[in-house]
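As structure tokens, one chain now follows by itself in the form predicted alone.
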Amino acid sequence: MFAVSAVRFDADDPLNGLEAGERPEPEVPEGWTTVTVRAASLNHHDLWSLRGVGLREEQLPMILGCDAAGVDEDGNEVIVHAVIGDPDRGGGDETLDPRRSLLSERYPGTFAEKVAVPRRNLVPKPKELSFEEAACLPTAWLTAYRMLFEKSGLEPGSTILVQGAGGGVATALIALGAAAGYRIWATSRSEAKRKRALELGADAVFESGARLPERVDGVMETVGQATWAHSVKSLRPGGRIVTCGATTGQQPGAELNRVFFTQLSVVGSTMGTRDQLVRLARFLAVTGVRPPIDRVLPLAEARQGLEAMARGDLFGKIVLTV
């Protein structure tokens, strides 16, 4: 089958390790099944994999990709939940299983004509969503859903700052938050991306690092080192940062004096459960919210999409079709 894989690591030029070509069809352990992929979406996780983060040399070649929507062996249209984990080991939450992984870490990923996954990882695709839209949900949109509705602890009407408008998680946070009745503010260095954030439902937009008109109830952090100080300073006393990533670096100044003096909370969030993916898909079907898709490319042109993502030249998700 045709697939896109990491065949070597290069921290400075990750795309140097990308290869597209024929790969063996996936092995199917007991309790697993296969999905014929119709669409898969890109994530920064794919670039980290090409840099060697989360993978070892002996695992190469590794088919990339966490997200997919397609058709199962019985002809059902499905979304693939990317977290490979045991809810029992995580106290009912597979993301808390100490041995959890994502597709393309321990098991071949979704940038292929077929992918093997545990049967429990299949979620029915609502008929209201296209395969391309559904393929955007399992990583970025599920991460945003959990950050907003579980981890933030904030009710609709609260003011939430989303750092770094334009990326997959950030655009999902803006769209979901606006649809659910939150007051969403967003930042970006790009005037064009600020404008797009307003079109997506943000109530106000600001240049990265700008002083805000008032302090906010919560900050959704996907950027990391470049925006951390601004996030901490932007919170009201007792406010909360929810962080899911650190694309610009993982070692910001901790701002501990401000954290303890104003009694801030810092909460980590990673992905979401299968049940949350079911609810997310239902939320989109009912509300009419749809993932903004920056571009759709054939699987064979995955390199072009990854190059755009590495440059930050996107707003929303890049989707590959098979």
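All residue numbers are counted from 1 along the displayed sequence. None of the values given here were measured: they were computed from a predicted structure.
This protein has a second form, the form predicted in complex with a small molecule, left out of what is shown; the following refers to that one.
Taking any heavy atom pair closer than or equal to 4.5 Å as contact, tell me whether Gly168 reaches the small molecule in the predicted bound form. Answer yes; at least one heavy atom of Gly168 falls within 4.5 Å of the small molecule in the predicted bound form.
Under a 4.5 Å heavy atom criterion, is Ala226 part of the interface with the small molecule in the predicted bound form? Flag for Ala226 set to yes.
Against the small molecule in the predicted bound form, would Lys114 count as a contact residue? Criterion: heavy atoms within 4.5 Å. Output for Lys114 is no: heavy atoms all beyond 4.5 Å of the small molecule.
With a cut-off of 4.5 Å between heavy atoms, is Leu148 one of the residues that contacts the small molecule in the predicted bound form? The answer is no: Leu148 has no heavy atom within 4.5 Å of the small molecule.
Each of Thr139, Arg189 and Thr247 having a non-hydrogen atom within 4.5 Å of the small molecule in the predicted bound form: is that the case here? Every residue of the candidate spot has a heavy atom within 4.5 Å of the small molecule in the predicted bound form.
Tell me which of 37-45, 290-298, 259-267, 273-281 has residues with heavy atoms within 4.5 angstroms of the small molecule in the predicted bound form? Comparing against the small molecule in the predicted bound form, the contact stretch is 37-45.
Within 4.5 Å, heavy atoms only, which of Gly164, Gly177, Gly109, Gly218 is in contact with the small molecule in the predicted bound form? Answer to the contact question: Gly164.
The unique member of Lys193, Lys125, His230, Arg240 whose heavy atoms fall within 4.5 Å of the small molecule in the predicted bound form: Selected residue: Lys193.
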